[in-house]
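What follows is one chain in structure tokens, specifically the form predicted on its own.
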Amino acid sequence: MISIGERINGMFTDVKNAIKNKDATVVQELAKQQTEAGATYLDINVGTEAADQLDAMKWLVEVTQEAVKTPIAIDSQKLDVIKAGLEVVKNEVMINSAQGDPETLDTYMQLAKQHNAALICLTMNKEGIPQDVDNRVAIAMTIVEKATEHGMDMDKIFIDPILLTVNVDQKQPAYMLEVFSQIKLLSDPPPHITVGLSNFSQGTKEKSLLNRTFLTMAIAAGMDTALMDVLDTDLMDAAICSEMILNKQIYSDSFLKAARQ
């Protein structure tokens, strides 16, 4: 499974303060911890409170790269902030994320190709986030069509159907599992499927249990990557175990250790 470490994010108090004080130690320790925990990518998000988001993104990317060689996901809803990160990135890179409007997809896919970047695309458009399966899949189809039009390798495309909080709309998890299954049929090879996993349990009392259970069900339905807390050992173990049960990992008595290596 492709795991995207979520912790270098200005929404967390320690990272917000590190950005404010230019304290590289906090950021670099998080980068090392997440890499050691098995993160495939390190998501970098400046949050909403940085005085200069462009400068903050450049600084976060630079200090992270000083600590680890792990690929980076530059995460922002602002195109200029993403471009600022891309100016200084040296590692393999992912752009997180583009909305599913055709014009927006054109802009972001051109940028992704320019930097040989992977691209997360959201199944939302100017009308917002669809609340049903059919419209989410329709936007996913638009994403696949645009990727083909731009000559992007489908292995570089990550579709995020937008996982909503379970205590807001309990129908959504079942919808998501159906969306995952249908996205896998849109092309051959199919795009990757990803979610922001922590969104699922936001505001609930059983966060770890909810995230872990949904993750295992989602992997069975075709999801193969997530923005997640890679420092949650039980969560990472659940992902590894799910893939082993689906015959994507070879079983041995030390399969957890082998997967991490």
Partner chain sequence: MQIASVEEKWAGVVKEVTIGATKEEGGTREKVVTIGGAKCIPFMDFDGNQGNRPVIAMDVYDVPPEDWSEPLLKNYRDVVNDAAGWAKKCVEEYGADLICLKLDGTHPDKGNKSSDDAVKTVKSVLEAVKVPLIIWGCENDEKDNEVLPKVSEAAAGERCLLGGATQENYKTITAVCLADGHNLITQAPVDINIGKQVNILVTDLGFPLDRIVMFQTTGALGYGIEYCYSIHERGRIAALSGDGQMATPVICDVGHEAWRAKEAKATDEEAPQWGSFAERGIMWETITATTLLQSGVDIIRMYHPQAVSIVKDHIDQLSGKGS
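Just so it is clear, the structure is predicted and the values come from calculations on it, not from any experiment. Numbering follows the first chain given and starts at 1.
The same protein also exists as the form predicted in complex with its partner chain; that form is not shown, yet it is the one meant from here on.
query = Taking the shortest heavy atom distance, is Lys257 within 4.5 Å of its partner chain in the predicted bound form?
reply = Taking the distances in the predicted bound form, the answer for Lys257 is yes, it comes within 4.5 Å of its partner chain.
ask   = Just to confirm, Gln249 within 4.5 Å of its partner chain in the predicted bound form by heavy atoms?
value = Yes, Gln249 lies within 4.5 Å of its partner chain in the predicted bound form.
message = When the contact criterion is heavy atoms within 4.5 Å, does Asp153 count as touching its partner chain in the predicted bound form?
response = Answer yes; at least one heavy atom of Asp153 falls within 4.5 Å of its partner chain in the predicted bound form.
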